[in-house]
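In C-alpha cells, the next block holds one chain alone, the form predicted alone.
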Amino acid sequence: MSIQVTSPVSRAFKARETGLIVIIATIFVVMSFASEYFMTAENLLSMVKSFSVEAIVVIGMTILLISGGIDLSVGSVTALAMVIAGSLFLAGLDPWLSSLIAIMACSGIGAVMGLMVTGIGLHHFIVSLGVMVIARGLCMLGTGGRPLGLFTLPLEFKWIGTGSIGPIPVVIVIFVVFVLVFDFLLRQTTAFRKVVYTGSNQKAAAYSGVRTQKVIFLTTMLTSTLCGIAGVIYMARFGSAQPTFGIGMELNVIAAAVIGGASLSGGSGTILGAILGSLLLAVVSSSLTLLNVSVYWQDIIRGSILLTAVTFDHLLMKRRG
C-alpha cells in the first residue's frame, strides 16, 4: 500500500486564495498590453481606493456567510448611514457625533434583524430583503430623493475619506487595519471559531455548548455596523450623502465573499479570500471600463462571475458531501 504525502507547496496551490492571485496576476499582465493606462499609478491607486471602503462591508458579509446567514440590505444600510450622519450634521451637530449616531443606528438595524432571525425564526434572506426596501425608503424620505450637499464638512473630518498618511490614502490604511484585525480574529480566536462551528452544523454546535443564536445575532449586527462605518467614510470621501448610493452593492459584496471561498451553505470562508475576491471584481471593472465595454455588459459579466462562483461552490460542497 502506497502512502501519498501532500507537500505544503501542493496544498498552497490547491487553496482558493492562490488561484485568485494567479487570476488577478494574469489579468494584470493581459491588461498591461491591452491598455496603456491600466498600469499607471493613477489608475492603480484609483482602483484600490474604489474597493477599499466596500471591502469593509465584504468583511462583515464574509463572517455572516460563514455563520450561515446572508444580508441583502448592505447597500441600503450604507446609504442610510450617510443620510443620517449628513442630516444630523446639517441640523447643527458635530460631524463626529453625527457619524457615531449613524453607526449606532446601523447597529440597531442589525440588532433588529438578528432578533427577527433568532427570536421569531425568520430567514436572513427575507428579513434583509425587507430591511433593504425599508432602509432605501427612509433614505428617500429623509432627503426627498436629492443628494445632501455637505460642503461645510471640516477638513479634519474629510481627512478620513480624502487624506493621506505620507503617500498612502487614509481609506487604504483603514481598510488594511480592518482586514488584519478581522483576519486575525477569525483565524486565531475562540469566539470567532464559534462562527465557523455554527455555520458548519448549527445543531452539532449547539449540542457542543455553543450559543448559536447569540453567534447569529452578533454576526448580523456586526455586518450592519460595518455598513455604518463604510457609509461614514463614503460621506467624508464624497462630501455628500446620496440616497441612491449602494444600489447593487449587495451583488458585489456577496460575489466577492463567495469568489473568495465563503460558502452560501455556511461554515467556510476567509477574510483574505474575500478581499482577493473584491480585488478581482475591482480589477475586472477597471479593465472593462478602460476597454470601453458598455456598462450594461459590465453588469452581465459581474452577474456571470457570481453565478460561476456559486456553481463552483455548490459542486465543491457536493463533492465533499
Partner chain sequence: MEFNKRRSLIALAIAGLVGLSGAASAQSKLACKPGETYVMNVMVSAHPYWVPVFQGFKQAAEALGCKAVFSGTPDYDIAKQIASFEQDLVKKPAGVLLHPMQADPFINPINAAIDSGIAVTTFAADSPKSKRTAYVTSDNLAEAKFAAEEIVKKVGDSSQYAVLENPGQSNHDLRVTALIAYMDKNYPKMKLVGRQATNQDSNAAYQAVTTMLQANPKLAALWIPEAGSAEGAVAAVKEAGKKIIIIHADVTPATLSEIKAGNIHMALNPNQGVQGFLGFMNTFLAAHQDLIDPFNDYKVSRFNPMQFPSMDNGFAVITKDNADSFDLAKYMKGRS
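Residue numbers count along the first chain shown, from 1. Think of the rigid core as the biggest set of C-alphas that the two forms share within 1.5 Å after superposition. Fair warning: this is a prediction, and the values are worked out from it, not measured in the lab.
Another form exists, predicted together with its partner chain; not displayed. Remarks below refer to it.
Residues placing heavy atoms within 4.5 Å of its partner chain in the predicted complex fall in a single listed stretch, namely 230-238, out of 181-189, 100-108, 230-238, 201-209. Taking Thr40, Thr26, Ser32, Ser265 one by one, only a single residue has any non-hydrogen atom within 4.5 Å of its partner chain in the predicted complex, and it is Thr40. Proximity to its partner chain in the predicted complex, taken as a non-hydrogen atom within 4.5 angstroms, holds for one residue of Pro147, Pro169, Gly142, Pro95, which is Pro147. Contact annotation for Thr225: none of its heavy atoms lies within 4.5 Å of its partner chain in the predicted complex. Contact between Arg302 and its partner chain in the predicted complex is found at the 4.5 Å heavy atom cutoff. Contact annotation: Asn252 falls within 4.5 Å of its partner chain in the predicted complex, judged by heavy atom distances.
The closest heavy atom approach of Thr162 to its partner chain in the predicted complex falls within 4.5 Å. Once the rigid core is overlaid between this form and the one not shown, Ser52 does not reach a Cα shift of 2 Å, moving by less than that. Relative to the superposed core, Ser263 undergoes a Cα shift smaller than 2 Å between this form and the one not shown.
After superposing the rigid core, the Cα of Ser278 is displaced by less than 2 Å between this form and the one not shown.
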